[in-house]
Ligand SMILES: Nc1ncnc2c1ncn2[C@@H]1O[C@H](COP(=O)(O)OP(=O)(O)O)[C@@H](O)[C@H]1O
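As structure tokens, one chain now follows by itself in the form predicted on its own.
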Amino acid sequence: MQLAVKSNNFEQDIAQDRRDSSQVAERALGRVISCDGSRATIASAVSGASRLGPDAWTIGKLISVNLGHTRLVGLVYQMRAVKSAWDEAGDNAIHIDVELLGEVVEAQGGGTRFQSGISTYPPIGTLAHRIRAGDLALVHDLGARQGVTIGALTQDAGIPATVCIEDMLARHFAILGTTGVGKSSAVALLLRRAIAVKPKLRVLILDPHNEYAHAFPDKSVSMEADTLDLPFWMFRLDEFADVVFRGRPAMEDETDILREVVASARSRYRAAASHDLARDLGASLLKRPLDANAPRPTAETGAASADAPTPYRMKDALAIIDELIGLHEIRYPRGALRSLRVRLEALYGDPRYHFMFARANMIETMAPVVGQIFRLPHHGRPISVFQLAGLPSEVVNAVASVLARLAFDLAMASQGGYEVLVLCEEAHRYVPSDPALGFAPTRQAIARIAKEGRKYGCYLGVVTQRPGELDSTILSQCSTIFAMRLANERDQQIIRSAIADASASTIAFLSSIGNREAIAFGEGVATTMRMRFAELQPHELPEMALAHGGAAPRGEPLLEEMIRRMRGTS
């Protein structure tokens, strides 16, 4: 597009601003006609007969305002014609509104640097021009921080978009965007970069759609209901109660009964283990029945805690309920006792819960379970993809709570030896904005990572298509955000409240950015940037992204196979 700016000194201004002959001759765009401190308006003119080109005025581009030794950097967020009628034969006056983001400062030694904020404001009539490629790269330069390339700037594909993995992880991150914009592909790309930079990192993906196993065939191990061992005795009382009562709040009597039954069953298991130890000390030393650091009953307590992560047997729990039913002085309603017994028997025999019960008493310490889930040692596969879709829906919240709690405890116990990233896909399911909709222990476990995890090397990654339905406390702890296309006004408002005031106008076009594009802001990037994620190879894409990309269709499964899956018997 040809631009016309009427000024007696116009040609001289262009010559001064154009530093070498290789630059475009018509870099001047217009002149500042107003400024209110954080925003400015630029007057320009375009020829009605000219064609639109790549250097035309467009929303979302960065421009610069020349002040001699400094150049202000502005973001175009609105433009309009001065007159309502368009003149095809002549020039048309237009006004461009820009948000001032910072300034490129030239040092006396010849170097340049970008700094946020404005120290010198443009006088009326100051020349505005297309930003130089060098200045554009400088704006998004991480400086002394180590950065990795995750894509390219939307404005100039020749300039890499970089992120500091250390800062992104340490202060947690979030990827937000509606369905189909490329969130899963962006997650896969960021995780590959993260494990390349941090070899001690272990990644646990809570995958509700079973899509990420395909994205890391060489770096991950997939865990599903058929291959997972998560013994029921590793669940805290509130987590196990959520499983037993199928997600509904337990009555006071039910909670008290379950607490006494579980604590007594743990004590009974310990008593049996102590008897075996006394009978055959040599044999028991070869097969330790308990975790070395697990809490043991004391003279004061007389019994193990209901929350202690030590084994117990379900048959002991059922026997204890029978004993309570048979007492002459009944402490609990017999109806509640019988109901609990029926529930425990049903769970114990349900094939969908085999991951909790089938091999639970073959595992007598936490070590093999933690080693399996968090890849210790990882043998070249530091990513664990936890496929939640194969689990009963009523147990998913409790399982997510156990995993998040174990991740924090592992990172804290390792004293820096291991770093753990918990990636919550569809995070609004686990920590919704309405506390009444969420399972409190899951919310507490994830919030603990968000608030305290940085001290111990436990990090949180949040992925959601509905940030408006996510607990604002969790999102506020994510200091690096990749906001992809969001059409919902409430979701956009959440991002608007999180982004820095100096870049608030960026959100104005959040509803219209393309697939794989994102507005990245926060601790992990130099400054707010509009970027496009790099494209992954087909074998690196999540399964759902492959389906959207037109991958070869799968063969139709047999009806018998689908029925077995529906029943949880396959």
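Quantities reported herein were computed from a predicted structural model and do not represent experimental measurements. Position 1 is the first residue in the sequence shown; the rest follow in order.
From this point on, the text means the form predicted together with the named molecule, which you will not see here.
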Would 179, 536 and 541 all count as contacting the named molecule in the predicted bound form, using a 4.5 Å heavy atom cut-off? yes
I need to confirm a contact call. Of 401, 480, 184, 310, which residue comes within 4.5 Å of the named molecule in the predicted bound form, counting heavy atoms only? 184
How about residue 516: is it within 4.5 Å of the named molecule in the predicted bound form, going by heavy atoms? yes
Pick from 194-202, 152-160, 171-179, 405-413: which stretch has non-hydrogen atoms within 4.5 Å of the named molecule in the predicted bound form? 171-179
